[in-house]
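The chain that follows stands alone, in the form predicted on its own, written as structure tokens.
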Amino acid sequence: MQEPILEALDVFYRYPDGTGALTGATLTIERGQKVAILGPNGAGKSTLFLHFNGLLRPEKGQIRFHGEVLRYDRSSLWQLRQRVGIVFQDPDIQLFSASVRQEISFGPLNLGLKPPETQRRVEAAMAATGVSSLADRPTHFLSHGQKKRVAIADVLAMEPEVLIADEPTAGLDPAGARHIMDLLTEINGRGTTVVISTHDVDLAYTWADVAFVMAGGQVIAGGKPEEVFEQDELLVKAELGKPWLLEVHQALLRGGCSGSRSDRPRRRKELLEMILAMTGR
């Protein structure tokens, strides 16, 4: 087991209008993981993310970062938000500066970094997200996919330990969604823990190291994606479908093809190789 980096321990939260968003949510995210959190609308995913960044405070329970209980004084929250960055589902909520370069510079400048270090971070974040050519473009003229990339660059310029992305592929076409997920994989490969929320079971199944399922403000399951998505009753409770790779694999086994239920394919290529092996070709 790797070092826990973020933990929610029996967290309860109710919004001012009386809506109960979290009702005892508990989960542990380990350092360096790619984590997908799934569940229907209203399950509490976005609310939990806002707790991880200190934007919301539990009514009951604890949030821990590197094993330390989160404190809510200004200095502690400022330090947390340098190390745990959130990319919101709607990038227009996050972007406000006149140009892409100014937008990405905002965080490092607020850290009090000197201009050379700020420039280094901004250039690195733009290069990593593929928006260098947009540096002088007004943010409000960008496409939705470009805004998503700039929002990620915003967070990367802070050089966080954890990047949290709320529905990162929402509103994108398949190619745009694939580019964003490839980018998040690259970011994770450089050592950053990446946590996303998504309704896309196929994406979660093939991308994540660990999948958590939420319903009714609680985390009702968690583990390796191939184990989580085998639980039919769980999927019904969380209003989730089964990843198509698992559906095909299970259909092949029911049809009499040789193979093991535990030998679940995680990628399209693995399924094709399995089909060839099952059919003796």
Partner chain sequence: MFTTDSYAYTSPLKKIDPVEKGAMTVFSLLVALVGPAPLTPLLVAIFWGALTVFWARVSGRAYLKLYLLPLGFLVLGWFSLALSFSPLTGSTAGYEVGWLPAKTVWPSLGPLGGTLSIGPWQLYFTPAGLRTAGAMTARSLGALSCLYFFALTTPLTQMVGLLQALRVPTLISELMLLIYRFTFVLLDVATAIYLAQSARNGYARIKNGYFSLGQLVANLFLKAMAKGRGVFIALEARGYQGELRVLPERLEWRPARLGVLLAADVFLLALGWYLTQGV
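Numbering follows the first chain given and starts at 1. Predicted, not measured: the structure shown is a model, and the values here were computed from it.
Keep in mind the form predicted together with its partner chain is missing from the figure; the text below concerns it.
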Practice prompt. Tell me whether 106, 109 and 118, taken together, all sit within 4.5 Å of its partner chain in the model of the complex, counting heavy atoms only.
Written response: yes
Worksheet item: Picking from 211-219, 31-39, 230-238, 50-58, which part of the chain touches its partner chain in the model of the complex when contact means heavy atoms within 4.5 Å?
Response: 50-58
Response to the item:
Residue within 4.5 Å of its partner chain in the model of the complex by heavy atom, from 182, 123, 173, 202, is 123
Worksheet item: Is there a non-hydrogen atom of residue 190 within 4.5 angstroms of a non-hydrogen atom of its partner chain in the model of the complex?
Response: no
Discussion item. In the model of the complex, is there a heavy atom of its partner chain that lies within 4.5 Å of any heavy atom of residue 94, even though the partner is absent here?
Written reply: yes
Worksheet item: If you check in the model of the complex, is residue 158 within 4.5 Å of its partner chain, heavy atoms only?
Response: yes
Worksheet item: Any of the heavy atoms of residue 102 lying within 4.5 Å of its partner chain in the model of the complex?
Response: yes
